[in-house]
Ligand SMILES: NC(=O)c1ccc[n+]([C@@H]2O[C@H](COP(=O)([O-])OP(=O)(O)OC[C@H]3O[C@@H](n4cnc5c(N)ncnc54)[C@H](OP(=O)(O)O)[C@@H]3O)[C@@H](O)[C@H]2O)c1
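Taking the form predicted on its own, here's one chain by itself in structure tokens.
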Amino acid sequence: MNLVGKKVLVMGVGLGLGPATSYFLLKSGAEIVIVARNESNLKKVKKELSGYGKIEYIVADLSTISGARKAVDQSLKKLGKIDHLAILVGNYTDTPIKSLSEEKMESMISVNLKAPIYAVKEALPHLKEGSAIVMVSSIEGTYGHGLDEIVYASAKAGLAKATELLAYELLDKSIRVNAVAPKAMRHDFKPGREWKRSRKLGDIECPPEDVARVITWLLDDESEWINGAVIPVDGGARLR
């Protein structure tokens, strides 16, 4: 993969997937800005990955339009432009219908559906022909039938549909929109480790590197004919 000279905004960098995606983007030659609410974690990621390329961070709450706008505006100041957008924001909480509260409902929908759409809305005026957007749905939103996941799975299903609709809406702008759909991921990322030895096909949980590599590929020109797709990245766990 070759992203040399590309400027990528990585939104929603928490544990595991965020650092792993940032790592592969830097290794591919991209310059990146990472965004999240937790500044201490952002500082840690920047320190850990700064030896691989140019990485800056911005503290912002992506669950609001104003927070997404802040992230985009400050990223433009740091990067000069935005070529690609990786939207990793998301969270999981059990939401059994018998004990569902308004707070849990709003939290899951806000983080897993509203935030990614807000991010696209604010970044879109600055994206050009050839730009790519990648979001993170879930196997639970496309194939899932797990217990206690009604709100989480519904929000991720909504994001999967939003991926298709955004790709359709942006066809004439030649901007691609895709999503990955993982199962569970571990949060134990370490740069340069041999992660492939720690999983096998069909595992319910995978190292974040397996998903991060597909995200990076979807931002690269190698995947230029993939558009409006929600790609399962679960090692076949959905088949069990």
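One-based numbering along the sequence shown. Note that the coordinates shown come from a computational prediction; the quantities given were computed from them, not determined experimentally.
This protein has a second form, the form predicted together with the named molecule, left out of what is shown; the following refers to that one.
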| query | finding |
| --- | --- |
| Interface residue in the predicted complex among 62, 177, 33, 45, criterion: non-hydrogen atom within 4.5 angstroms of the named molecule | 62 |
| Stretch in contact in the predicted complex with the named molecule, which is absent here, among 75 to 83, 125 to 133, 105 to 113, 161 to 169 (heavy atoms within 4.5 Å) | 105 to 113 |
| 4.5 Å heavy atom contact with the named molecule in the predicted complex for all of 14, 17 and 90 | yes |
| Any non-hydrogen atom of residue 37 within 4.5 angstroms of the named molecule in the predicted complex | yes |
| Contact of residue 187 with the named molecule in the predicted complex (heavy atom, 4.5 Å) | yes |
| is_contact(residue 118, the named molecule) in the predicted complex, heavy atom dist at most 4.5 Å | no |
| Non-hydrogen atom contact residue 182 with the named molecule in the predicted complex at 4.5 angstroms | yes |
